[in-house]
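A lone chain, given as structure tokens: the form predicted alone.
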């Protein structure tokens, strides 16, 4: 089968299935399996590819981190975290809005999911922001955008998947996400302070020493968790997979009193939600493995490499084109799907252009953060729409000013690779 026919078959089957409502993971698997059957006449190969994609120890980190995030977000831990940060800086200009960003950064270091981060922080902080006088649209946009830090600051589930597909060190990818994540968080905080400087009605009364002490003591167990996760990974004590399992056990311990009060049924519901989310991601991962195998076997990536060579694109020109493509795809695909569909194409190209794959991983993640708040599929928009009981359009209008910062951050990360690689190097 020639490359044109293969491309038409793969993209056509996937597009038709997606349009009629087939889940993206199954659509990817079906399009890849169709190609394999037509070219090789053997369908069971697809099952072996799917099994091999999931038969890797680092894959276990995905469900563990998701379940840990679910346990923490519904076990009262996030409320204690926000209260502690609020007691320290809530009286300053833009206080609670900055609290939202800082709480997001801390929770991101335990979670790895953009949607989980936006939902967990949004449920706790959004009502309080509006109660203190922050405009609803501003509050919605802030939490939707800052929730994207959940996939940039380690441990990040998309970075784990990138490492699985590209065979890059997950520990190095985690290190690469730290400085960009903190820098983006600092940009959001700076913008919030400038924007809200004159909003005196939004400031709270300065907390007393006793109130700060009590809030910090109550949240100490939560604040220790990021130290345990990241410290154990970078200290060589645990692998990322082992650290994710430790995170689940620790989350269970610190939230046990709250779940005891809520009842066993509430705890089972939380675990079930985590398992459902994990299963959906793993199905996409397995389906994308079949699609990627078919893509490689068809010669499409190799043809693109040849085309790029003929065009004599520079590395900077290629990165610009890659960003445009990722932003476009992000408008129609959720994060994991966009990542897994594009990686089989991009990995040979970045090798050709001599672009550091770890630096490129952070570029992709920033693009996926933008995708999370971009219609029509931006999942953070839908998450905040449900929490705030407003339209998706209203959330997007609130997000628009923060998107300017996100595009600035994307340009900075793209053309200053040292920001991503400083800790790795």
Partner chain sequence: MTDAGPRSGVQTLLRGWDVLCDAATAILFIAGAVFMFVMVVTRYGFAWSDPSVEIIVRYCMIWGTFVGISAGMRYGVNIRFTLIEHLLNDRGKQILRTLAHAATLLIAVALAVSGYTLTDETMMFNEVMPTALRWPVWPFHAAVCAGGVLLSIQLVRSIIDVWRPDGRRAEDASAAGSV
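Positions refer to the first chain, counted from 1. Source: prediction; values computed, not measured.
Form predicted together with its partner chain: not shown, discussed below.
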{"property": "Full three-residue contact with its partner chain in the predicted complex, heavy atom 4.5 Å, for 48, 246 and 281", "result": "yes"}
{"property": "Location of its partner chain contact in the predicted complex, chosen stretch of 318 to 326, 81 to 89, 270 to 278, 165 to 173 [non-hydrogen atom, 4.5 Å]", "result": "270 to 278"}
{"property": "Exercise: residue 40 in contact with its partner chain in the predicted complex, heavy atom 4.5 Å", "result": "no"}
{"property": "Distance check, residue 158 to its partner chain in the predicted complex, heavy atom within 4.5 Å", "result": "yes"}
{"property": "In the predicted complex, residue 64 touching its partner chain (heavy atom, 4.5 Å)", "result": "yes"}
{"property": "Residue 242: touches its partner chain in the predicted complex, heavy atom cutoff 4.5 angstroms", "result": "yes"}
{"property": "One residue of 300, 126, 105, 336 in contact with its partner chain, assessed in the predicted complex (non-hydrogen atom, 4.5 angstroms)", "result": "336"}
{"property": "Contacts with its partner chain in the predicted complex, stretch 50 to 66 (heavy atom within 4.5 Å)", "result": "50, 51, 54, 55, 56, 57, 59, 60, 63, 64"}
